[in-house]
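Below, in C-alpha cells: the form predicted alone, a single chain.
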Amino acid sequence: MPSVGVPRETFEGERRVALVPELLADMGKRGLVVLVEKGAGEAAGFPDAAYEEKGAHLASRDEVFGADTILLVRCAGANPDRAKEDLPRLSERQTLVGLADPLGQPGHALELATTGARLFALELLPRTTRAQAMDVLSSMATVAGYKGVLMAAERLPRLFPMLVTAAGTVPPAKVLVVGAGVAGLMAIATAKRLGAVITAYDIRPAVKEEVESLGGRFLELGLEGGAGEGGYARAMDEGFYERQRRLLAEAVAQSDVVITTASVPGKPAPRLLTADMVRAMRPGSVIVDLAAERGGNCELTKPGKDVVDKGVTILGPANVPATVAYDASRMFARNLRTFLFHLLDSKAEDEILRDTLVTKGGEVVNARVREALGSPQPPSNPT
C-alpha cells in the first residue's frame, strides 16, 4: 500500500504540522498508510494519541522518511539550516510536498535534486480556480493578517474602538494597511471588527472595491501600478518606490498603526517606509511589518525583533502563522491534502503539477527555478 510520512518540523520556532488527525480518515479511504513521527503535532496541539486514535502509525524519523510521499510544512530552502540533515534519508522513489522557497533559495532545490527525489513546492501553485483549494500561501496570509492586527493592538497604548464613557469620548485608532492582498484584506477586516478607522493602499487599483467592501477607505496616490504574474503585485523600479514613499508619508504620519504586507514572490520585500517617515509618526505608534522575513517593508525593521525608534515601535515578526499553530496547521493540512489527492489522481501533466514540480530524476526541472539558478531551460516533459 502507498505510504505517506509526516515528519516533525525542525525549522527553529516552527510549531505547525503538515497533517492533522481529522484528515486521517480521508487518507484511509484512499488506501494510504500514514506514518507520523512521534511528537510531530504536539507543538500545534495535536498529541500522538490523537493520531493513533485516527489510524496513523507513530514512527521514528528514519521510518517516516521511508514513506513514498513526505509531507512537510518546511523543506529545502524554507528550512535552509536543517533540511540538509534529511537528504541522506531520501531516494529517487520518493516525493516531497511542502514549502521550499524555490525562487528565494534555489540553491537548496539543487541540493535536494541530487537525491533523485521529486519535490513539489507549494509556493509555485498557479493562481487559478482549480488550485485555490491547495493555496497554502493564501491560507497562511489569512492567519498573518489576523495576527498582525492583534500584535498591533497589544502594543498600541490606545484602544482601537471609539468609546463614549462617563470619563469622556475615546476616539478610535487610525490604522493604515499597506498592501491589500490576502494578508492585507484580513488585517482590514480584523481591525474593523476591533473598531478602528481603516485606510488601505495598494498599487493595484483593482482591489479598491474589496477594501471598501470591508469598511476601509482606499488611498489613491495617482501612481500607475498593477498586478504581476498570478495576481501578485509586481516589482517596480526604485523611481516608482521613491514617488510612492513621498506620497505615502502624510498618511503614515497620521496613523496610529501601520501594517505592511507588500511582497513580491522570490524577491526582497519592497522598501515602502523610510526612517524619516517612521520618525514623523506620533510617539506610541506601532508598525507591524508582515514582510519582515523578506527583509521588511520598513527601513527600520529587524526580522524577528522589535525595535523602538523615537517612541515608535516597529515589530518584525517572523513566521507569524506558527504563532497560531493549531488552526494554521488545520488550514495548511487541508490545502496539502487536496494537493496530494490531485497528485495521486493525475494521469498526465497539468498546469498545477507542471508549475509546482521543482526536482525530478536528479535535476531541477522547473523553468522559473532554473532561471533563478541561471541555468538553461529545463528538460522537456519534466513530469
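One-based numbering along the sequence shown. Every value quoted in this text rests on a predicted model; they were computed, and no experiment measured them.
Form predicted in complex with a small molecule: not shown, discussed below.
- Message: Would all three of P126, V182 and L272 be in contact with the small molecule in the model of the complex, where contact means some heavy atom lies within 4.5 Å?
- Response: Every residue of the spot touches the small molecule in the model of the complex.
- Task: Among 306-314, 101-109, 160-168, 132-140, mark the stretch whose residues have heavy atoms within 4.5 Å of the small molecule in the model of the complex.
- Result: Correct option: 132-140.
- For L72, is any heavy atom within 4.5 Å of the small molecule in the model of the complex, or not? Looking in the model of the complex, residue contacts with the small molecule do not include L72, since no heavy atom lies within 4.5 Å.
- Message: Even though the partner isn't displayed, in the model of the complex is R204 close enough to the small molecule, meaning a heavy atom within 4.5 Å?
- Response: R204: contacts the small molecule in the model of the complex.
- Task: Would you please decide whether S263 lies within 4.5 angstroms of the small molecule in the model of the complex, comparing each non-hydrogen atom pair?
- Result: S263 belongs to the contact set for the small molecule.
- Query: Though only this chain appears here, would Q244 touch the small molecule in the model of the complex if you measure heavy atom gaps against 4.5 Å?
  - Reply: Looking in the model of the complex, residue contacts with the small molecule include Q244, since a heavy atom lies within 4.5 Å.
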